[in-house]
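Here we start with a single chain on its own, the form predicted on its own, put down as structure tokens.
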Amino acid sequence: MYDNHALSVACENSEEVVVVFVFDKNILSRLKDSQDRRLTFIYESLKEMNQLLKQVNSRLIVLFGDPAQEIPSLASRLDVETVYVNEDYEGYALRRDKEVAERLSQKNISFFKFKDQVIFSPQEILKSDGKPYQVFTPYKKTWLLKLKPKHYEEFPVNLKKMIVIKAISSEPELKALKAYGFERSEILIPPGQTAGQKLLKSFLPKLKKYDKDRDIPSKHGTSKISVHLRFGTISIREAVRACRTQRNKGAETWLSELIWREFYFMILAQFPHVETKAFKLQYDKILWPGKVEHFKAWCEGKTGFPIVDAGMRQLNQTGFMHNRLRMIVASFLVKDLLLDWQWGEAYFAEKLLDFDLAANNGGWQWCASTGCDAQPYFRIFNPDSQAAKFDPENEFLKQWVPEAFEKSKKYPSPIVDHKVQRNKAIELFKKYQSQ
């Protein structure tokens, strides 16, 4: 509400503005868990937004259905002239927005999209020949060279332009979460823009040590604002503004992580085949020899490798997983268990509170060595050495896999031999590398 490109322009160009949210049945119907944490985060954030609008004698309109039908229908009922939205780069969203625009056009209603969830759109950072980057480091270098203060200025929202409640009294209000087919769940990270801003503010004193602390899962060294960026309760511009208030290695490292996020948005938009295939298409031919029962053990955190199991248990119980652990468990699934990276990608998509298709896909393909960046297939994480390096006192491991350190408890033996599986992985990828 406070830093939103489309809403800001709508308020600037219009006499009256109404804010609309659609619970998209096309998306919700694919979710398997009625207690999906993301719905609780979204719902609670909408409640806060609605309260803000009520303070100016307006409210949120909340629709439930197919946006391609619901938005044009609402626009006709309210006799609006223009619909403003922010850009999305996922395949479904692009198709949806195109259909919405076409249906609105048939009613002589304008439709405008705005760049909001990124600093630079997927078409703005390109190589000198006009082609998209496929390696992060040169992309980052160009991104930083292009960055100016104007790129992260706030888009103010004039709430006084909001349409009064009386004018929309017959339109759907925010109902109980159950009305949309979901139940409330416990979430680790507080929802809403107020909580998001508070979380960001509390992170700033830690920013100077971010480069050192971000890989230690037992420390609270990361921002945990990824879910807020995902759902727009914090703008990417605010994150960059916060980052630019400090000049130290920690701030540089955090900004680099934000640039990784944009890099994966760019890859998704410029190479849409990654949604369903490997970026390096030759790796789609791999016949994965791993065992289904090993995938089950991985999902449940029962592999006999404490650092892997700790990460998976944290994910299953909280909807969050520390970024270092995301890399470790992903590498383990693909390079130790020799299982299809897309199985892991899909599991994360079900469980992560901060799930974002571009980042999730990009991260998995990076770890699996099937992606665009220079992650060679023979670079394989050793779970034991990773644990020794990033959790040397076993603080995190004892929290999530205490039975591994208690003689009275039974902890499973390792389900594979890392050294043996490492060699198998190298031979497997070597076979398909040049195809």
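From 1 onward, residues are counted along the sequence shown. All values reported here derive from a predicted model rather than from experimental measurement.
Keep in mind the form predicted in complex with a small molecule is missing from the figure; the text below concerns it.
field: Interface segment, criterion being heavy atoms within 4.5 Å of the small molecule in the predicted complex, picked from 90 to 98, 326 to 334, 175 to 183, 140 to 148
entry: Of the stretches listed, the one contacting the partner is 326 to 334.
query: Is Y283 close enough to touch the small molecule in the predicted complex, meaning at least one heavy atom pair within 4.5 Å?
result: Output for Y283 is no: heavy atoms all beyond 4.5 Å of the small molecule.
- request: Would you please decide whether Y210 lies within 4.5 angstroms of the small molecule in the predicted complex, comparing each non-hydrogen atom pair?
  value: Y210 belongs to the contact set for the small molecule.
- prompt: Taking heavy atoms and a 4.5 Å cut-off, does W254 contact the small molecule in the predicted complex?
  reply: Yes - in the predicted complex, heavy atoms of W254 and the small molecule come within 4.5 Å of each other.
field: E238, heavy atom within 4.5 angstroms of the small molecule in the predicted complex
entry: Outside the cut-off, so no.
query: Which residue among S223, T303, Q314, Q117 has a heavy atom within 4.5 angstroms of the small molecule in the predicted complex?
result: Contact residue from the list: S223.
query: Can you pick the one in L204, I216, A195, L258 that has a heavy atom within 4.5 Å of the small molecule in the predicted complex?
result: Filtering the options by heavy-atom distance leaves L258.
message: For the three residues M321, F355 and C367, which mark the spot I'm curious about, does each lie within 4.5 Å of the small molecule in the predicted complex through at least one heavy atom?
response: Verified in the predicted complex; spot residues all in contact, yes.
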